[in-house]
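The form predicted on its own is given below as one chain in structure tokens.
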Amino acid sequence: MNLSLALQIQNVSPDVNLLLILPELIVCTAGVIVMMVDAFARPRQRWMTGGLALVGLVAAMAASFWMWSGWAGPREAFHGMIVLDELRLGFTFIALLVSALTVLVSMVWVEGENLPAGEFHSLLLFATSGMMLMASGGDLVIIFLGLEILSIATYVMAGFRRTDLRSNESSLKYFILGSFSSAFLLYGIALVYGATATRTGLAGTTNIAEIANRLDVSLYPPLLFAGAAMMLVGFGFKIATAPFHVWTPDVYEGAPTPVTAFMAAGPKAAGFASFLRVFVFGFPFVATVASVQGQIHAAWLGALVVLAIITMTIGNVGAIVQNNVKRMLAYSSIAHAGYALVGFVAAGATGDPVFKSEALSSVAFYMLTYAVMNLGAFAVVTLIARSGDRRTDFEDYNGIGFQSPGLAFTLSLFMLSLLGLPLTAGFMGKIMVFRAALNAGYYSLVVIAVLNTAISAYYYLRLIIVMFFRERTTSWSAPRVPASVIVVLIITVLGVFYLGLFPNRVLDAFKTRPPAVMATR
């Protein structure tokens, strides 16, 4: 080993701060405890695993709120691999909320289908820790590790109903295409690492802030373009943007409905958190396009505009022709990824830290509103589908509006919010991302987004019409609504109205203070 390099290594002190990853540690510890309880408890006592998982998630949420309001320590640790800012905390809150609501929905579901509750809840907790790492990663390696932790757990959850061929098919498709997208992402990371080596002898880097500093002194600029393009493809798969969305309808339809609810909200939000951090902060805006940094920025921003338009259009047009509610909601999730990309484009279109902060907070707010609406809708679909997801077609909803008025009116509220009815969370979410894009000068993109919203009215209102204005031709018995699902429906209904009527407090909390990567108050 070179003597000077050895001396440098010896002089590097470990930058360890476990408090900065306290929420992640709590969730991982809860996952291990749930596994141990499931292994050693008597079969009749294994219902406790859901409660233990919920306690762990609530404790992690409390730790996150403490870091949000009372943290006075450093804003990064592990030599910049973990960062603490409002972007991380906002998406961490979304991940924990999604997982907690999924636990409440699944506690009765795993019992009713005679599935191993401990395995499911431990997998859910480990998937949550992966989502949280993706949001907190200030380094491409941490983001990739978080992504793989999330992905591996979700592959298993998608095929959790082991005797169901549809569930097995869903898991296999998700695994194959997910592995394919991970390969794109990892190869892109490798290319960026190699390209950020400099002529002054500095080795490549995977630190996002350092990547931004080295763009114009890169030894191999063409590799930067290739690496950024491959990472864009990899993230595009994870958040289900067109044309990388092909796995979504089949996987969402075949997976158990509570797992579909989790997949549609949690991993998508985590993917956006990493996507935003890498591209907005790693390949930032510059005023001139003559530099390498300016060319890379212009290239990925233009690509995102095209992806946003294609994603919104394919998602909404595809949803129109679906006769299965889960497939319709799958295409709806694709369309909503396109709406969120509108705010993403706005965040990347300026170097003004205040405007960038508003655009970033609009994307985080949009993902929160989508998570609340989506989980509420899937909670109702889980009850109506019954054991084995037997009733998920539109015709299964014929005439249930006055036979199960509570479920029907609740589901109608979520459909109207997903459409963007005023006074609901969905309306305010779209207003925020559209306003950010208008402020950035993307008028045509907003017009296309509004037209796509009008298209979506067909399939959202179709489900309401089916429930209230179609005659039922088969027997129907209203499903029993467990207490845990009632809690989920109350939380999501209140969330739809609160976020729709009083969004400012949440938006202010989500705003990233400058400097962009490490927020300071």
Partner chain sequence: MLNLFFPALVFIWQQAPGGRMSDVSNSITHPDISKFLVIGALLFIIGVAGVLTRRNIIVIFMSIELILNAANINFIAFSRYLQDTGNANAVAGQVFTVFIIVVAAAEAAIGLGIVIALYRNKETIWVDEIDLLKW
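As the structure is a computational prediction, the values presented were derived from the model and not from experiment. Positions refer to the first chain, counted from 1.
Not on display, but discussed next: the form predicted together with the partner chain.
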**Report entry** Residues 48, 66 and 115 all lining the partner chain in the model of the complex, heavy atom within 4.5 Å
**Finding:** no
**Report entry** Distance check, residue 357 to the partner chain in the model of the complex, heavy atom within 4.5 Å
**Finding:** no
Query raised in the report: Is there a heavy atom of residue 163 lying 4.5 Å or less from a heavy atom of the partner chain in the model of the complex?
Result: yes
Query raised in the report: If you check in the model of the complex, is residue 393 within 4.5 Å of the partner chain, heavy atoms only?
Result: no
Query - Any non-hydrogen atom of residue 230 within 4.5 angstroms of the partner chain in the model of the complex - result: yes
Query - The unique member of 197, 310, 303, 289 whose heavy atoms fall within 4.5 Å of the partner chain in the model of the complex - result: 197
Query raised in the report: Among the candidate residues 111, 169, 210, 352, which is the single one with a non-hydrogen atom no more than 4.5 Å from the partner chain in the model of the complex?
Result: 169
Query - Stretch in contact in the model of the complex with the partner chain, which is absent here, among 89-97, 409-417, 103-111, 135-143 (heavy atoms within 4.5 Å) - result: 135-143
Query raised in the report: Looking at the partner chain in the model of the complex, which residues in 144-161 have at least one heavy atom within 4.5 Å of it?
Result: 144, 145, 148, 152, 155, 156
